[in-house]
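What follows is a single chain, given as structure tokens, in the form predicted alone.
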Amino acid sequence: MEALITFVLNFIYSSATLALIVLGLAMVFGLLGVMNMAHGEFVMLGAYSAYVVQSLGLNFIWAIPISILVCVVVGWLMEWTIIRHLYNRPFDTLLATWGVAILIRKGIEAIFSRDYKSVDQVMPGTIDILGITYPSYRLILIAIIIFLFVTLFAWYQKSKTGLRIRAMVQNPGLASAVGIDTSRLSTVTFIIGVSFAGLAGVLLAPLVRVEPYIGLDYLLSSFFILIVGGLGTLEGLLIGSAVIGGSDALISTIFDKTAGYLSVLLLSILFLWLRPDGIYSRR
């Protein structure tokens, strides 16, 4: 029974963190059609923001606004100089953002070196839950992610900005004709997307190693989730995160982490072959 409860908690934690990581990419790729290969680097910038805050002796909470500020500035420069000229050209955005990813990665490497950094646990210790002990920070992180997704879903469905974004995605020409500034809205959507990636990096920093190449693993996992779940909806994102996170957690528990990663890769290939639109894509 304890093993089952542990597996369920690990499944929820894995799915929630994956959903948080992929959220920014889902907004940029699913809504704007931009294949942002630098998505993982924005996660990495968030993690390094947490490391810098810790090095300065500041409270960990300061890492959140600092990471968002960094991602907003870098994301705006990236969108202003490159992305806005390549909308509706996904392959070109793939190549361009891959180059940006290399520049960001090498810049961080030049500043901090390639050595692994660590961020202290914000809330060390465990909590007794259903007869087992589980890391307290993981449970708090799950609660934060659930609250974040509920808030974002309500905002996207009920707010005027969310309505404008949906109109722009469904018919950009008509949206522009009725007075919606689609260019500005695309910029805002892109910046919000990369800012969520930075936020994910901050929240995950105490649980992972912080180094310049940390973003590559997150980039692959994000695309796997979008392949399985489908593009353009929060529902598809959550379903994809549950499928990928559950498969990885189950196979890794039975065998090892390598087998879990291989199962995720094979599952993504099968979906590309048999159901390229994913489980729940936007129609």
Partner chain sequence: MKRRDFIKSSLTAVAATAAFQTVAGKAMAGSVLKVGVMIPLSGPAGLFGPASKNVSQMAAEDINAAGGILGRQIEIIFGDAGLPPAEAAQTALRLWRGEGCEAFIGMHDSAVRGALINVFKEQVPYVYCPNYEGGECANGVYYVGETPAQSVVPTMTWLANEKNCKKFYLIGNDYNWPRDTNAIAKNTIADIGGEVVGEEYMPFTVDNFDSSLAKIKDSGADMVLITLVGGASVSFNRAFASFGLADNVMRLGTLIDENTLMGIGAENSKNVFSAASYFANIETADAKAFAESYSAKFGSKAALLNGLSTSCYDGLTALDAIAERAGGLSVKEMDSVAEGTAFGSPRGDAVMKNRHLTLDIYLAEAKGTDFKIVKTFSKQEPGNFCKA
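Note that the rigid core is defined as the largest set of C-alphas that superpose within 1.5 Å between two forms. All values derive from a computational prediction rather than experimental measurement. Positions refer to the first chain, counted from 1.
As for the form predicted in complex with the partner chain, it is not shown, yet the points below apply to it.
K.L.:
Exactly one of 192, 142, 180, 207 has a non-hydrogen atom within 4.5 Å of the partner chain in the predicted complex; which residue is it?
P.N.:
It is 207 that has a heavy atom within 4.5 Å of the partner.
K.L.:
Among the candidate residues 133, 157, 88, 170, which is the single one with a non-hydrogen atom no more than 4.5 Å from the partner chain in the predicted complex?
P.N.:
So the residue touching the partner chain in the predicted complex, by this definition, is 133.
K.L.:
Even though the partner isn't displayed, in the predicted complex is residue 184 close enough to the partner chain, meaning a heavy atom within 4.5 Å?
P.N.:
Looking in the predicted complex, residue contacts with the partner chain do not include residue 184, since no heavy atom lies within 4.5 Å.
K.L.:
Can you check whether residue 55 is within 4.5 Å of the partner chain in the predicted complex, heavy atom basis?
P.N.:
No, no contact at 4.5 Å.
K.L.:
Although the partner chain is absent from this view, report whether residue 258 comes within 4.5 Å of it in the predicted complex, heavy atoms only.
P.N.:
Yes - in the predicted complex, heavy atoms of residue 258 and the partner chain come within 4.5 Å of each other.
K.L.:
Under a 4.5 Å heavy atom criterion, is residue 199 part of the interface with the partner chain in the predicted complex?
P.N.:
Close contact is absent here: in the predicted complex, residue 199 is far from the partner chain, nothing within 4.5 Å, heavy atoms only.
K.L.:
So which stretch, 171-179, 148-156, 68-76, 123-131, is the one near the partner chain in the predicted complex (non-hydrogen atoms, 4.5 Å)?
P.N.:
That would be stretch 123-131.
K.L.:
Given a 4.5 Å distance limit between heavy atoms, list every residue of 94-126 close to the partner chain in the predicted complex, or none if there are none.
P.N.:
Residues within 4.5 Å: 114, 115, 116, 117, 118, 119, 120, 121, 124, 125, 126.
K.L.:
Any CA movement of 2 Å or more for residue 69 between the shown form and the other one, core superposed?
P.N.:
False for residue 69: its C-alpha shift is below 2 Å.
K.L.:
Please say whether, between the shown form and the other one, the C-alpha of residue 56 moves by 2 Å or more once the core is aligned.
P.N.:
Not so; residue 56 is displaced by less than 2 Å.
K.L.:
State yes or no: after fitting on the rigid core, is the Cα displacement of residue 259 between the shown form and the other one at least 2 Å?
P.N.:
For residue 259, whose C-alpha is compared between the shown form and the other one after core superposition, the shift is 2 Å or more.
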